[in-house]
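Encoded as structure tokens, the following chain is the form predicted on its own, with no partner shown.
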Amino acid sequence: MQTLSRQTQQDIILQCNDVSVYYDRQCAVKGINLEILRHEIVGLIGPSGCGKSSLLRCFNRLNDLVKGTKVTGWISLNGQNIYDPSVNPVELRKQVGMVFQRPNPFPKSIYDNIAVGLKVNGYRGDKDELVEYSLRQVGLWEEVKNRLKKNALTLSGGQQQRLCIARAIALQPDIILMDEPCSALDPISTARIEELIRELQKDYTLIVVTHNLKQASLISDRVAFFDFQGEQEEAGHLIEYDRSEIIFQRPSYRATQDYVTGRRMPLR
């Protein structure tokens, strides 16, 4: 696994130290050590069931909402342990936004999808200004500026997903988590979301779970490959983490090479 230089370590925004996730005593992902740099896009790849999404949901403590979940180890955001009792999960989720696999706009107007969240989180600035800014950030403003009071569910799937991203960035987070954000979209909408992810990099750190290897290679600065170790292993492990070109062109492990070249089909 790649070792970061001392200078690079100063740019670490999120760090995992021996993190494991359990659901009712069943280990989903085990012993993860990972360092994520500010303003980079990190792709999480690997076969289904190897713990990518379970780990992702730890980063804003969404796993807290799943009964029977236990997280061990240590995760820091800007040097602070996010599982420290002093950390309010609601406040954490302002810093670490989430975009899910399928677009999930509220059944409200396009405007209220963003403004309601701002109100709930105590925003006291100009809501109109921030709604417009957020929609411009995702390239949606020109498409919807004349129908902001229309129900968000009237938008296309790709537009709904961009609206969900706008809703996340309206709270001005440090990190945006994306769990297979294009899996329910057509190729044109997928290309637009991929382009948007690269555009957002200048302002945010992005962590993206994807099963689309071409997508991972195109958008990611670094890629983490997860897999099982042994036929009887039920928990996922981080096999290799490095720059995207290393993972896809000259990985250190045979398992990684087989997976990214398609020589080994996922078993689960």
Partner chain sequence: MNSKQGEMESPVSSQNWQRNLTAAIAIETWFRRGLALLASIPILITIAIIAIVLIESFLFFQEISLWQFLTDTQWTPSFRSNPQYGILVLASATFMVTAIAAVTAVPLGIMGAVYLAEYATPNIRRFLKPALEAISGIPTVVLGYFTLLVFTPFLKNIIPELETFNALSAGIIVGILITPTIASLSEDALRNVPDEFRDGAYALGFTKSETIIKILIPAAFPGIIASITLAISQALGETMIVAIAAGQNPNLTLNPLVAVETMTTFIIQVSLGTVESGSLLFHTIFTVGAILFLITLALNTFGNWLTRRSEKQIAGLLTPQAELSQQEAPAGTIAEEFEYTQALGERIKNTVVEQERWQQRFRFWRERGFRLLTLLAAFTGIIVLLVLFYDLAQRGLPQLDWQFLTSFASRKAEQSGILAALAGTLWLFLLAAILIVPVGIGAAIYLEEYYPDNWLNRVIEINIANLAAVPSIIYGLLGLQLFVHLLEPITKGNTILAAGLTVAAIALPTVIITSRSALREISESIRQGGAAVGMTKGQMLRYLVIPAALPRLITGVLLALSQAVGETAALLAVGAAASVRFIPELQSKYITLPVQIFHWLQSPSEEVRNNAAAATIVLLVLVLLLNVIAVFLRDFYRRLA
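Positions refer to the first chain, counted from 1. Because the structure is a prediction, the values reported are computed rather than measured.
Heads up, the form predicted in complex with its partner chain isn't pictured, but that's what we're talking about next.
Contact check at 4.5 Å (heavy atoms) against its partner chain in the predicted bound form: all three of K94, Y123 and R136 pass.
Screening L37, L213, L62, A28 for any heavy atom within 4.5 Å of its partner chain in the predicted bound form leaves a single hit, L62. Note on contacts: among S183, T72, N78, N151, the single residue with a heavy atom within 4.5 Å of its partner chain in the predicted bound form is N151.
The closest heavy atom approach of Y111 to its partner chain in the predicted bound form falls outside 4.5 Å. Among heavy atoms of K119, some come within 4.5 Å of its partner chain in the predicted bound form.
In the predicted bound form, no heavy atom of Y83 sits within 4.5 Å of its partner chain. For N88, a non-hydrogen atom is located within 4.5 Å of its partner chain in the predicted bound form, even though that partner is not displayed.
Residues E195, L196, E199 are the members of 193-222 with a non-hydrogen atom no more than 4.5 angstroms from its partner chain in the predicted bound form.
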